[in-house]
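Okay, here we've got a single chain as structure tokens, the form predicted alone, with questions on binding and movement later.
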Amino acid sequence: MSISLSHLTKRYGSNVVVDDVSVEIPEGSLTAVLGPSGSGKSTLLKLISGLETLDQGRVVIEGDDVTNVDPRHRDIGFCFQHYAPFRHMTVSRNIAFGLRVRKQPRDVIAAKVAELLALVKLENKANAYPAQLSGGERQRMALARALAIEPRVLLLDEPFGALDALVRTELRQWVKELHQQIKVTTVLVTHDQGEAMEVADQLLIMHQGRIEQDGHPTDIYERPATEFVQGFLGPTTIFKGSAVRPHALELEGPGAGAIEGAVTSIVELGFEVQVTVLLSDGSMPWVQLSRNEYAALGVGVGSRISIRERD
């Protein structure tokens, strides 16, 4: 189900949190809303859901204007960082909750819960309680609960923020695979650039309540529309007065016809090496190299080196 947002505006007193946002979210896409804290990304999600009221604008889902529709009747599934499971209910009953509220027949509920338990790989946890699950399992249960009502749209607000790095990496890959199976239009709010780049079909980059740029992750990374997007969506360094990606620079021995300088620091970070070079104009660009590239250079701190942009 496509989502069309037209001139969405939300104020808290004199503070404009979402400022005249208009964007199209394609049907079946997994769209990540990315931005720093306070950029308005979570508020944008709440405006889509109806949990916050608009000061201005329209929210249209698959051609239906839901701007003034109660959140309970928008057919939207929610999954948040603090997923608030019903602790006194088993996993099965947690997942079934929305279906019971909608007074679905028992056999329909049982079949749907069994289907979702298989989908989120929790079949062997059906009779467990939330306290008996790991963090990743609880988040998968929360996603199943959100999907149980067969929503038109799934909204995820920092769903992995409370989890450790390893579980977060596993879950975001799992969510990507899950989305490929169910193809429900999904909007994911995150501040994690890696997470957004890995799972999303489309990125919305927010800053100070506005969308700075939207599009495919690779297109935005390679062709940022603003300095903010370039700096936010990955590392940059300054070379010849302009911001560039550090992996877009290369180092060669002195006298190679490029700009020369002296190596001031070398930082080895597992699979990559960061080399900082002091140039004659006082600037200090740093270059991202693979370990093999670094080893082939044979340089150390104080070495003379040439730096240029890669062809």
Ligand code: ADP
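Keep in mind it's a predicted model, so treat the numbers as computed, not measured. Each residue number is its position in the shown sequence, starting from 1.
One more form of this protein, predicted in complex with ligand ADP, exists but is not displayed; see below.
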Closest heavy atom of residue 40 to ligand ADP in the predicted complex, within 4.5 Å or not?
-> yes
Would residue 17 count as a contact of ligand ADP in the predicted complex, using a 4.5 angstroms cut-off between non-hydrogen atoms?
-> yes
Taking heavy atoms and a 4.5 Å cut-off, does residue 36 contact ligand ADP in the predicted complex?
-> yes
Testing 42-50, 60-68, 245-253, 262-270 against ligand ADP in the predicted complex with a 4.5 Å heavy atom criterion leaves exactly one stretch, namely 42-50
